[in-house]
Structures are given as structure tokens and as C-alpha cells.
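The form predicted alone is given below as one chain in C-alpha cells.
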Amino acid sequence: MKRTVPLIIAIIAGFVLLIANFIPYAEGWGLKAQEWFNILAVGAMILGGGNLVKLHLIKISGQRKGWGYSAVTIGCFVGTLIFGLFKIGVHPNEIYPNVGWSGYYLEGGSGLWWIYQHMIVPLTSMMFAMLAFYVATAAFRAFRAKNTEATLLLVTAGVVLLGQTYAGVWLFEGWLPESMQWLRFDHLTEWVMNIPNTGGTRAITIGIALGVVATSLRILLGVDRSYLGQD
């Protein structure tokens, strides 16, 4: 029962959502299935939060390596949860002025808004700033001209990089004949992005779509049962 019932539910829900996209009469079935999905997602979030607290509490109680980070994680999680659930700093909605919790939870100046603006946004910016250095080092290793393919990749990347800056325009400005203006880095960059890059992106998108279709059919037909915890 632990495997058969979830398998039947997944197959029925999958086919209902599939049929709802092609048959107007069954559109309401798809909406109902999505409502149930939202309800289950809330339950999954509660279980996930409880599991997060449990794992970090075990790490703190055992004084394992890095337990201080676990304490910070639990403190931030509980604090954010309190600010969000109780809408601390949120003013009542103008339509319902007598209902204290009727305001928008991310209202400007509220506690959750402050956490987002002064903690989440700076941390996200820092992560992207660090990511730029990782990308630069990875590009340095990948763009070594070891063979023909690597050389082509290096030349194309150099053209695109120069075409995105003023230097790519300035290098040929003033002395390149009108008939050879297409050799400017900004024009070459536009050609690379619009033709080869677009063609490659479409090919990858088609491959992803075919993979999604194949995986979905395997799940709908009960062939792939990995989500049940077995191969």
C-alpha cells in the first residue's frame, strides 16, 4: 500500500492535468488538482521546516563541527517565521482597518520587509559577486587553446566579450571601410548571438522538451518509480 497508492495517485493526477490542457470540459479538473497540489505543498513545507530544525538541533546537541552555523540557521529560521506569521510591523488594510493582520505581509517598513531588504538582498548580491570570480576562473581554464574546438571557443568568447564593451567599437572606429563594417566586434557579437547562439539554444530547448516528455510518460505509465524510493 505504501507504494501502490502513491503510484495510483501520481498516475491519475498526471493524466488529469494532461487531459485538462487539451479538453476544455476537463479544465476544472486541472484546477482542482492544482488546488490539492498547493495544499500538499504547504504540508511539505511544514515537514521540511520541521526536518530542518530537527537536523540542526541534533548537530547542536552533539557539538559537531560547525554547530555554530546550525545555531545561526535555527535562529534566523525561527525569527523570520515569527515576523512573517505574526506580521510584525504591518499596518491594517484600509478596507479592513479593524483587523490587525489584514495588511500585506511584505509591506514597506514591516519586519519581514526589513529582513528581505537588509539581509536577503545583500547576501544575494554577495553570492552573485563571488559567482563572477568563479566564472572568470572557470573560463580561464576552459578557454585554453589545446585543440581546434577549444581555439574556436576562445576566439568566439573573445569576440563576444569585446563586442559587449566600448573597446569593441573603438578599435575599428574611423579607419574601417564602409563595406567592412561588419567586421566590427559589436556587429560580430550581434551575429553570433542572433544566429549560432539562437540555433544552439533552440536545439537544446528541443532536447530538453523531448526529455521532459519521455520522463513524464515513464512516470505516468508507472515505469519510473524513483520518486517512491526504489529504482
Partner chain sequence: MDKSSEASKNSNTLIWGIIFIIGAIMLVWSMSTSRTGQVWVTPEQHAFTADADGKYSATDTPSSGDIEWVTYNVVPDSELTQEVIDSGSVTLSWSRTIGLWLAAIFTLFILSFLVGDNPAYKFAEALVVGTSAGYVMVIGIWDVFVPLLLGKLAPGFVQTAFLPGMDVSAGTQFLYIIPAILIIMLLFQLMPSGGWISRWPIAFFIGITAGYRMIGYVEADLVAQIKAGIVPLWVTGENGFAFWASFNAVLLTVATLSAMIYFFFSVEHKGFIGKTARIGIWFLMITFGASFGYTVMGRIALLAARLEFLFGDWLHFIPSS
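Numbering follows the first chain given and starts at 1. Computed from a prediction, not measured in an experiment: that's the story for all the values here. We call the rigid core the largest set of C-alpha positions that still match within 1.5 Å between the two forms.
Only in words, not in the display: the form predicted together with its partner chain, which the text now covers.
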4.5 Å heavy atom contact, H118 and its partner chain in the predicted bound form: yes
E35 within 4.5 Å of its partner chain in the predicted bound form, heavy atoms: yes
Proximity of G50 to its partner chain in the predicted bound form, heavy atoms at 4.5 Å: yes
Distance check, V223 to its partner chain in the predicted bound form, heavy atom within 4.5 Å: no
Interface residues of 1 to 27 toward its partner chain, as seen in the predicted bound form [heavy atoms, 4.5 Å]: M1, K2, R3, V5, P6, I9, A10, A13, G14, L17, L18, N21, F22
Core-aligned CA displacement of M180 at least 2 Å between the shown form and the other one: yes
